[in-house]
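Two separate entries follow, structure 1 and structure 2, each one form of the same protein chain as structure tokens.
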Structure 1
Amino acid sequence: MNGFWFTLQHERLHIMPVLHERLEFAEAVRLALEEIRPQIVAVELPASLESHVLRAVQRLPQVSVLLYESSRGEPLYLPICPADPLVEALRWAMEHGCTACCVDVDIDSPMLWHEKLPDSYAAFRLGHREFYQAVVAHGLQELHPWDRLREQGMALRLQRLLGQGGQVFFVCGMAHAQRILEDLRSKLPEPMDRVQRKGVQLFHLHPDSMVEIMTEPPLFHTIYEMRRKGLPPEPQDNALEPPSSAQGRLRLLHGGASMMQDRARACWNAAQWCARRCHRDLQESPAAGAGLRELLEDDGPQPPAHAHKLPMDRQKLLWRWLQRAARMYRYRTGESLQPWQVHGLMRFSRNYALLEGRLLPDFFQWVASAKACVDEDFAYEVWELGRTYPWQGENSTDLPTTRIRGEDLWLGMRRLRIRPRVPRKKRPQAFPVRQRKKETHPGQWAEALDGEALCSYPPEDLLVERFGGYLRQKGVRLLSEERSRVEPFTSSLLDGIDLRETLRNWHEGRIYVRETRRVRGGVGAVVVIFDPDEDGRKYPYCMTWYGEHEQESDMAFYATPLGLKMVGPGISRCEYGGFVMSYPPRRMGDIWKDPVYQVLGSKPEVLLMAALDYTLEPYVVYVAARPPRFWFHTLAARMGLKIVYLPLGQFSSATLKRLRGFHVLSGRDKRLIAKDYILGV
């Protein structure tokens, strides 16, 4: 615990160097104050604003903004947020009956230059002392005359506070700490600064402005506020219980206010859940992170009772944030995050953060990564949860409310447009139409599903066949590109100029040409694995179908149970876990009953083995999130074949979603009525 915070000491004075408005240093201030328990707390804020600042701190957790003007008429803003180290110091002093004071000199000019400092998360990993020493060793900003004026003024006021007796705790920026410590040993002049400032206004900040002007996401402030005096209770997740259709219509008639309350309650529960599980156990290795499987699970580990006394881990907090957003996304859309999507999101956000000199992504990068690697619905859930701050209403009883845009404070704002899907509203029917038939009693449609003469729905067969044809062409094209040859132009253009290679070697002043070598043979079988079904329980329905004409392939697949979801009489909707297609048709046996395949460990391996057995061409395309075992490549080589692996993430999620759903009809007579019950094909 002691390694997490660090102070410079002079007699009875503790100076804590911090980075302003950063979560890690607010945690360090909180933990240090709980251990040192000083009688006087001072911060690096202008003394002329002290009364207004203390009033804003007293309003916490409601966020306030101080607005005043410089002598040149420039508007100056000072937000008062919970997870700010200076604010936390003043707040702790006021709650414990200590003297809280601001000792900075009012220089009447904003400090608008941006210092190039490392990511504050490094302080959590390295330790507060090592972080400070590294920052000092590499140099800070160029010293400005106003800085010296401020530092000498703060040192003088600290000398006077030391004269009052008791322990003094001072929080200031890292750029000033060492020089203030040295100034304390000398006799200092009285600073010529503004003692009192007029025209200072205090406003209640509108919740829509919080995302734009707060350095940390509002969710981090919420979690910090929840953990200040102990862990929040374990939330009851009943807010995510889906309402019935009748209840939903009634709630819409009332303007949807209750639905908004449900969303707010869900975000509150998610924040509570994250607040209980975002600490780092000191017994845990710093390199150990939560596993990907844990991230996709609904439940997380139960925290120890003293977890609020352990520092918050920003990386673990991001993981918990993602975990709850995924749960809300599943509830809103019915779709689940796949491991490859999460893997891509993590890698994308890491690289995005590194490009901007950070160790972990900020709020904008985190939402942009969710949009790029999953979809806009998930990005909306991440953004909605990230902007959660339940104590900030649109209006306040004691202060006027103000809206502040990001452009009012800093330049270079970034915008991200998120367009979540809106449930389609049915248009009113202007003339009577025949309504879809419904079951007269529960289970009526299932009675027509006798399991005999099962067949497919032809429009869906066309869809799958087209995708199979596309994969065959893509596999051949990929092999052809692998075997192509690029060389400098000498006497023949071969198959054309390779512009990419020519531009890459532009400094050589030569033209490169490409020779494309055709692949002998083609792709005879295609295997697509949507879900490997590792526990073997999600997709128990296994079937082999034969092509009904010369243009259709044989197919074997495993899917969700037959009859689980009936959409019409004798019409069951299922979902593929994976399938294999082999052309030409009417050659494939029932692979699920073949004893030769029983030794294989999983259903995807059975499909791949069948593809190798029944292909008449030398190549097999295998599409899955993970490549097959190396043993299959060796076996294919001995059989004179080759497996072409294509990652599942290459394909559009919308296309994969359309392919996965299919319908099983109980007899060909059901094809005549199926169009009345199956939509969207």
Structure 2
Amino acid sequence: MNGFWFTLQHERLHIMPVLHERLEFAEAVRLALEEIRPQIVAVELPASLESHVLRAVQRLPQVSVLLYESSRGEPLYLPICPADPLVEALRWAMEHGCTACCVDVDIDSPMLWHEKLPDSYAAFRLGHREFYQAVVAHGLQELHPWDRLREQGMALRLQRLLGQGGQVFFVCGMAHAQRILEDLRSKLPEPMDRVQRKGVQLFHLHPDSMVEIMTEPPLFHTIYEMRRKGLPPEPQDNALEPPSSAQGRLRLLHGGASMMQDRARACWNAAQWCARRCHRDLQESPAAGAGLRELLEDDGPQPPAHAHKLPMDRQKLLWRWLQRAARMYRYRTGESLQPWQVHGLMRFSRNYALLEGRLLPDFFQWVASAKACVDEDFAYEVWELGRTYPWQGENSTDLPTTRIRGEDLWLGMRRLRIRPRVPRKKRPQAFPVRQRKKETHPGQWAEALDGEALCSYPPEDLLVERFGGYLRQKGVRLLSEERSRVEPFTSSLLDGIDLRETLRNWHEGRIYVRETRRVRGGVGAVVVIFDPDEDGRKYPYCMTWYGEHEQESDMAFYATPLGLKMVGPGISRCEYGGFVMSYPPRRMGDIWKDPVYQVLGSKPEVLLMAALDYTLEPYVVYVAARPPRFWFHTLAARMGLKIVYLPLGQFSSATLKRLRGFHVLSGRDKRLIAKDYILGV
């Protein structure tokens, strides 16, 4: 017996007390069975369901669900998932030719109540023996009369199994183990339960229902499944790595067929990668001096060959999940997680879990924390990877498929004393990410992007226009502040008392007043440079757009290639490298084809030159990480203009991120459907 798993023993019987449906205990069962190698395996599931349960276990890794009704007509269901200690015990027995049986008493009395047990991760940290002893020492909750009947029934059946000879391995909930052990020593009455149950139906579970009915995230089941018989291979291809622009165009020519497959393959690769790096490794320590940014990129050392025999560390699993989600997020949005975001996410998710009495966050809290500390796009990546379970197709050849809705379930109740669950009317907390539509066949969306009649998405136009308006106001305000003047009060209060100056000179006994001098004219054009694209390759898509109505500015921009990221039929997501906005509209020529601008050194300079040429007001606002060359200031002065430079860092990163991503629609008809595919504007 090692420190990770623990059993109570009676003659040739090993009783393993577990918490139901928890990864740590499924691992413990698997490792214990490999070491004990019993001849008979029994579990705390109703004997009347045995044949159905065993059939469902045989279907693994496809997940099934048993549905039936109690005699009072209440629907009951039982999911059969890989990372469940009871399921693992039965599965191991069937794979090794042992006797697998369910010994619980079918009392037909749905009972639901909370068991106030510690987080199963504590068992990983403390050791199972210490965890169990601590639970017993603190006392299990009040015993229900039905439980005694069930325990005595299970003890009687275990006595009979012991009579068959050989080692017997029994898995049951922690609440029962000690009493069953005691019952084994006495003579027990025959339980009065039903031997057979009619109307039990076995269904293939629809993949969309998995998140709703699994206690653990589907990704954990996937990783558990991958590690059951050895470590999965290291993923070789880099699906979801950003393709170069040339590759992007090539993909588009081929109808973008590989994009959807890339997504599924990326999740599969990410799960394999996580599965190889989630074991307990006491030797491993983060690189000295590494910051969070480096740790996010760190793959860690290659795992030893026996890593699958080492218990999985849930905390490490969450970290690996985060690392891979961050990579997908970078691909999809072009944004990297900032160290302060990771730091905040870790602290917040820890506190959130603690509030509900857990050591580590559950799936919902993990996604909600990702949304709260980063953004909805990142939360979506976390959610998408978390629901990865590659073996579950929408249909199955051997069973009908069922969908189970969250509203039918008991979501919110974490641990149950008996396995078959009773649906309960309780509104589940919906995951804080919105579902996104998918292609019906690979390349469907790219086919609709024919390059003709391209147009923008109006809510994004509003956003950019509003930001442009804000920059114009800010530019004027900045110039006004530069020109304001403070002087002692004589005959006029001017624009009001300057309290700070008055207090500073309190000893003089004079009042100081401020005069704000308004600037004449306003800001005519606005240039925003997110990325100067110094090597000229990242943002090859250059375009000039005219305002569609009197309230909209003309706009010219350079951006990431059209068609590289398709989000809907004929809807491509691009990212601005920079843009210029000029008001009033319908005056700007195509600046990217204007030979006068060809002599300029870079795209930001073309935009700034266009701003100076097309502005009707004396000021041009230029927002960038670095100010423009001095030559431009001289040129602007000669033209009777002034460039107001604002550093990019002054603006909210969230706003910049929202502005930077935009969508190009292939035809105005796409505007009607775009809102179903474009989120977060």
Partner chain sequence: MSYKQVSDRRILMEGVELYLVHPDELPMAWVGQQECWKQLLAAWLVVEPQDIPMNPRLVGKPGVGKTTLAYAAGRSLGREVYIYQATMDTRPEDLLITPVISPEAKIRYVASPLVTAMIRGGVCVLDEGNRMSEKAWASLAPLLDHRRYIESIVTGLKIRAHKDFRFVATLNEDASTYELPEYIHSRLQPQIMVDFPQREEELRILRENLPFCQEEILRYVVDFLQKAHEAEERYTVRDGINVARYAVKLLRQSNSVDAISAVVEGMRMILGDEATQYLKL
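Structure 1's sequence is the ruler for residue numbers, which start at 1. All values reported here derive from a predicted model rather than from experimental measurement. We call the rigid core the largest set of C-alpha positions that still match within 1.5 Å between the two forms.
**Request:** Name the structure that matches the description of the form predicted on its own.
**Result:** Pick structure 1 here.
**Message:** Does R517 move appreciably between structures 1 and 2, meaning a CA displacement of 2 Å or more on the superposed rigid core?
**Reply:** Yes; that C-alpha moves by at least 2 Å between structures 1 and 2.
**Prompt:** So with the core overlaid, does the Cα of L345 end up 2 Å or more away between structures 1 and 2?
**Reply:** False for L345: its C-alpha shift is below 2 Å.
**Request:** State yes or no: after fitting on the rigid core, is the Cα displacement of E50 between structures 1 and 2 at least 2 Å?
**Result:** It does not reach a 2 Å shift.
**Request:** After aligning on the rigid core, report the distance the C-alpha of T655 travels between structures 1 and 2, in angstrom.
**Result:** Its C-alpha moves by 4.3 Å once the cores are overlaid.
**Request:** Let me know the CA shift of L478 between structures 1 and 2 in Å, rounded to one decimal, core fitted.
**Result:** Comparing the two forms, L478 shifts 20.4 Å at C-alpha.
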